[in-house]
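One chain comes next, on its own, written as structure tokens: the form predicted on its own.
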Amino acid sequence: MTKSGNQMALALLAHVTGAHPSSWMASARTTNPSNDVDYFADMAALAEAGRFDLFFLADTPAARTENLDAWSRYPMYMNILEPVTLLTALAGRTRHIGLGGTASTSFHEPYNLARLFGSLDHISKGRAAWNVVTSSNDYAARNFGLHAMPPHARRYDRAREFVDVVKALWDTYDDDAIVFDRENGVYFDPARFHPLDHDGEFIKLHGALNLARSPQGRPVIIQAGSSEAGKELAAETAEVVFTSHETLAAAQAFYRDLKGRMAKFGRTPDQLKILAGLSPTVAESKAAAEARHQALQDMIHPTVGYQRIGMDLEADLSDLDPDQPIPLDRIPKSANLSTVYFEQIVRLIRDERLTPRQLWQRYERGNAPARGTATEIADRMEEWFTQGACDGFMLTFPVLPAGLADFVAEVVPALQGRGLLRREYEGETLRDHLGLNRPASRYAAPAVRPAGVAR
């Protein structure tokens, strides 16, 4: 499958100082920026200058409470602002870029989530996106009164029902329901107001969202699961999918698989944008980029190395010699948390018989690396985009904001020169940027076609 005549989408995964576990030590910032809204506003403005489609915040509703020696050296999610709150602040500091955040179907109620993201869509004038996750760590489970996360399949069963309820709540008011008719004293038309009565397996709700239908009709729906359950949920509900593959062939196979599932849900492939994970390091040469990467790798403390691979393998390997091959019998039979990360680690262990040290030096946690000159990185992106591996990229930079600044200064002009990336924003909403239609309300009357026009 080869694409032509369109432009790639770009999203920034805005980790505080970068995706690399040593980024907080390598950043030019000498003080902690995690709670500084001005810092994030500057980063969002930089991505907007690069004509990115989306500024995205990942999240988990929990701090780690065990193995604190490792987490104190690798403070992932240990000190972060709540995403919707931060994105709402950024809405007033940006004009065009989409604003997306993660919120869990396991630990929110549909009404609260519908109201939060619906409000963000109004405040940003149509730039909101919700990343649908089921959550995958037991720290979050214990925050909400559970001993452990429910089984993977059950989490996705709840997520499917949850998304449908949220979308129904976003359709409470028809687009033209708020009539604001002062002459007749009528604020909204009751005939165009639709309470929801839902009695499902996981969710029971009778009520209505106290918020007008938003500029995009509803926020853009993002999903990132790569398991069978995750792909089915994405084919049914998602409009953007984040994915990660190490090779072009694997990415192409995923692209065909996921888009091929959409027809059974009455959807067409153009209703879904698949963004491949990519971690670029731009330098004057490939050797210089590799040296920059290795300097970061050399900063990984062994405690952090064991923690990173153990977290995604769902197994504690810290008793193993760091320089002896990992025994195959230490690999769990399956994952209950993140399937895609688990499978990447297992493949590295089985295929290459790596030691723990080699594994934590090699493992990129879902981010395909691209290290080299601006031309080399643009070549890589063009190949994947034009050869049916993705509709664009979710970019995770090892160190922020420096990595993003290099990319915007050097790679963005290269992509624009090839006609692969917009030079100016042409629409107002995130849906406009992504080429996604504004969805009609589920209560809207179907369009009336003239006699003789085929459906």
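Just so you know, these numbers come straight off a predicted model, no measurement behind them. We number the residues from 1 along the sequence you see.
The discussion below concerns the form predicted together with a small molecule, not included here.
Looking at 52-60, 403-411, 383-391, 24-32, the stretch with residues near the small molecule in the model of the complex, meaning non-hydrogen atoms within 4.5 angstroms, turns out to be 52-60. Looking at Lys273, you'd find every heavy atom of it more than 4.5 angstroms from the small molecule in the model of the complex. The small molecule in the model of the complex comes within 4.5 Å of no heavy atom belonging to Arg213.
For Val16, no non-hydrogen atom is located within 4.5 Å of the small molecule in the model of the complex, even though that partner is not displayed. In the model of the complex, Tyr156 approaches the small molecule with a heavy atom inside 4.5 Å. Between the options Thr94, Gln361, Ser318, Thr339, the residue in contact with the small molecule in the model of the complex by a heavy atom within 4.5 angstroms is Thr339.
Put simply, of Gln307, Ser226, Thr281, Thr237 only one has a heavy atom within 4.5 Å of the small molecule in the model of the complex, and it is Ser226.
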